[in-house]
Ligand SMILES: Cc1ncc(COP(=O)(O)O)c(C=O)c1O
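The chain below stands alone and is given as structure tokens, in the form predicted on its own.
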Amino acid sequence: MTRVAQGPTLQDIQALEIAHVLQTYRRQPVAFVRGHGVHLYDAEGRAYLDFLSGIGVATLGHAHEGLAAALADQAATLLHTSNLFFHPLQGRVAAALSRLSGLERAFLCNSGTEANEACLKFARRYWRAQGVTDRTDFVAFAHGFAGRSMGSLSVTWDEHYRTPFAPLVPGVTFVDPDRPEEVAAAVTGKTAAVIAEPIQGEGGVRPLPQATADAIRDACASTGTLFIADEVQCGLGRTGEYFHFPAVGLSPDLVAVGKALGSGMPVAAALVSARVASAIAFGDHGTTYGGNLLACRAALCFLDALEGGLLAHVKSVGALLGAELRALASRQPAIVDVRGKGLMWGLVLDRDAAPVVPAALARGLVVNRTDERVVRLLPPYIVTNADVHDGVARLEAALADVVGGPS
């Protein structure tokens, strides 16, 4: 294709960021300036097939006409009034999330980290409301990632994230998800809640083993401990189901959702069961921007699409993607495992996966690396069968560039 510059060059953009943006991200040397559907376009006009969707966010793809129209309409009507007043859209979003999850209430916030933070607070508040003041501990899992605020970081496993900010919230016990017997030993009369991702995202696309899910269910039932399902990455259709927790037989008291919900707009939610909601009082938690009208309008646009046929599409195209990736693994010896479901997949390599990311970019494909050896794929929900074939072909060529083998 002919490349047409879209404004500032990559060098211009890099220079300004390097001078003024805090250096918390190691960025790839690409500046995306526009998108359409499953494609992104850089400052030089080159097209890329997006199989990351902003780390699981751009579920409706880029420049989605319905979403763009809804946001423009809302922006021209009313953006924000605060949570001090009733809201014409929050109730609709909360009702839809309640219908899909089975949990009665929702606290709307801005990000998955905030949703997990709210769930942790609400779990402690629940026990305090029962007059139990020493039930404050949490059980979390190796390879789990809940966010970067002090509470969510405290139940995030990787010491790379944790150590620079110690001491964190005390009373957190980490258990091995591959050793279900550790769950019963860790959950005690002082445990406020167990928190787990039904499919771990940042930890390398690791589905929770069924035996471990059973152990969580049994330990919570025998001790009364609350269960928090962190579905920030795997929830709201990503796996081809509305939520993944029912697939492993879990019934959470709280669920954190984010990423997919706004399809690019910052909106998330802590979903709360009736028994936990009954313990929450006015002033127990809050947010200035959370659940503003613009964010809610985006959430409604996404939820309408999800219930209107998009979920069935994810299930269908996700099955194709899984089959294509397993076929790729049969041809590429460097792939030692393929994990995932729906449109959430990880290719586990026999080496560091970092070089695959720039190699894929060179082939016009956006993926990322997580948990050192895992190439993670999170395509937009609107990805087509043809896009899947194209994306896997590009990924195979990128892998060949890095590790050798068929291309």
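All values reported here derive from a predicted model rather than from experimental measurement. All residue numbers refer to positions in the sequence shown, first residue = 1.
Beyond what is shown, the protein has a form predicted together with the named molecule; the following relates to that form.
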{"property": "Close approach of residue 264 to the named molecule in the predicted complex, 4.5 Å, heavy atom", "result": "no"}
{"property": "Interface membership of residue 147, the named molecule in the predicted complex, 4.5 Å heavy atom rule", "result": "yes"}
{"property": "Partner contact for residue 202 in the predicted complex: the named molecule, 4.5 angstroms, heavy atom", "result": "yes"}
{"property": "The named molecule contact at residue 252 in the predicted complex, heavy atom, 4.5 Å", "result": "no"}
{"property": "Stretch in contact, per heavy atom within 4.5 angstroms of the named molecule in the predicted complex, of 78 to 86, 164 to 172, 207 to 215, 227 to 235", "result": "227 to 235"}
{"property": "Contacting member of 191, 113, 292, 154, with respect to the named molecule in the predicted complex [4.5 Å, heavy atom]", "result": "113"}
{"property": "Residues of stretch 255 to 272 in contact with the named molecule in the predicted complex (4.5 Å, non-hydrogen atom)", "result": "259"}
